[in-house]
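Shown here is one chain on its own, the form predicted on its own, set out as structure tokens.
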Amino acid sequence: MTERNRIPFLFVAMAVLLIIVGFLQSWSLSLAILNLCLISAIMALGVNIQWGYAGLVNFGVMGFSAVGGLMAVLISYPPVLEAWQAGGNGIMLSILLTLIAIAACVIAYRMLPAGRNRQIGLAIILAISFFVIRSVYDPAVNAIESTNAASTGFLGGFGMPIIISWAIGGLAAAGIAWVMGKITLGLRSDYLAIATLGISEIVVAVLKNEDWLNRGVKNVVGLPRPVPFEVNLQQAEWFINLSSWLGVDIVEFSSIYVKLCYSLLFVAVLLVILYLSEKALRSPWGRMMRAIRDNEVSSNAMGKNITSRHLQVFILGSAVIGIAGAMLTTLDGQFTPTSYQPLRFTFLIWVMVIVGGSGNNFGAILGGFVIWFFWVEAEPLGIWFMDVITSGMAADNPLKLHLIDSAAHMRLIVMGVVLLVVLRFSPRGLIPEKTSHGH
């Protein structure tokens, strides 16, 4: 099968699997899987920009996703006026003092001669700043978190349309990536992977503990949506008439309608990012990035600033991940910091890129669809498989009961099998990167 035929064939096969789920299980579930596949594909595109274009190992996907999710809260949730009155001024003042402290450190670093005097000067500035900032910050935080803590206890957001948070989430993730890149991009690839994973854990730990910002582990629920609520549709006359004309249950139809609306939005974002990614990959910039990836020594000898280019691509890929993180929080309708785990938000995304084909944007998208589909369907498939192999056993057989109860753990086994099979028969992924010397 040629590469030109392979891409449409694999995507059609993926569509067939989703259609089969619709017929055998439910169309609402099929669309729910589709929406999460679309978001996963965008995250995989972000990792592919970093790894496939430039060879950067970013194990901090979880942190950038969480930053995007946080932006969905800060942009869309209405401000909590009581909390602002209780401690908002203190938080603003502490942020201002932090910026002044950073500026003072920068000025001292530039003005003091290198050596012991610089170190002592910076230490004094940091020590004084710490105690001054905490004297303002701590009372403000306590006042905010004690304001109606059962339902709010945080400052809230700006009360703007949540769809704006998708772009803001990308910008915020890009800003975090700039800071992270300045710290880590001089490291060797294995140290870079460990550093990005560690920093992403710090980001998530902050979100779990700073209740004044996003309620911490108490979660923010009831976020606004860019699509109608099902209950509103079920009360709308035009929707009631439409469901009657189609002869479908109005509750099920409202769920399908909402998920279709999300699908259209997510597809639009995915197509825009895919178009820009393809333009970048085929441009002189993209060819330069791949040349740096393949041989840093030669690229450096030709005058390319390797660290600067790596920082560029690190920021771009992280921005895409941040967009996907904001989209995921929008779809969930809530922000749950405890849900950000490396398995789901880092390593699973990497499996998507590897299975799909690193360096190929269409491969990253396909990997997002394939891996998330089997991640969701592994449990029902595992239950069916266990039912089949234990069909000859008695209903109360201890082994049968144990195997059926263990079917949920088939998910990790299925992921391992999919990865091994793909790497065995297609080592460069389902849709490999195009090369100038053939396929």
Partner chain sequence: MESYANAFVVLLNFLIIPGLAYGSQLALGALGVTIIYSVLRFSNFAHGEAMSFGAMFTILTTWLFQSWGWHLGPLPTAIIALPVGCLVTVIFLLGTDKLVYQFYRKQKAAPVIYMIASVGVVFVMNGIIRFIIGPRDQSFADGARFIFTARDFKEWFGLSESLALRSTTVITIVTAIIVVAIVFWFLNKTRTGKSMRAYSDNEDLALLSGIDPDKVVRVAWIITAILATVAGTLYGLDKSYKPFTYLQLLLPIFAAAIVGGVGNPVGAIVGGLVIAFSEIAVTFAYTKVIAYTLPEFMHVDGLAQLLSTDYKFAVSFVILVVVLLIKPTGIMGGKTI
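Worth saying up front: this structure is predicted, and the values here are computed from it rather than measured. Rigid core (definition): largest C-alpha set, two forms, superposition within 1.5 Å. Numbering follows the first chain given and starts at 1.
Missing here is the form predicted together with its partner chain; even so, the following discussion is about that form.
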- In terms of non-hydrogen atoms within 4.5 angstroms, which of the given stretches 70 to 78, 341 to 349, 236 to 244, 143 to 151 touches its partner chain in the model of the complex? 341 to 349
- Message: Check residue 406 for me: does it contact its partner chain in the model of the complex (non-hydrogen atoms, 4.5 angstroms)?
- Response: yes
- Item | its partner chain contact in the model of the complex: residue 420, any heavy atom under 4.5 Å | yes
- Message: Using a 4.5 angstroms cut-off on non-hydrogen atoms, would residue 395 count as touching its partner chain in the model of the complex?
- Response: no
- Query: Using heavy atoms and a 4.5 Å limit, would one call residue 131 a contact residue for its partner chain in the model of the complex?
  - Reply: yes
- Could you spot which one of 54, 410, 32, 38 gets a heavy atom to within 4.5 Å of its partner chain in the model of the complex? 410
- Single option in 164, 248, 104, 187 placed near its partner chain in the model of the complex, where near means a heavy atom within 4.5 Å: 187
- Note on the structure: Applying a 4.5 angstroms cut-off on non-hydrogen atoms, the residues of 365 to 390 near its partner chain in the model of the complex are 375, 386
- Query: If you line up the core, does residue 376 shift 2 angstroms or more at its C-alpha between the shown form and the other one?
  - Reply: no
- Query: Can a Cα shift of no less than 2 Å be assigned to residue 418 between the shown form and the other one, given superposition on the rigid core?
  - Reply: yes
- Item | CA-CA separation of residue 424 and residue 293, closer or farther in the model of the complex than in the form shown [shift of 3 angstroms or more] | closer
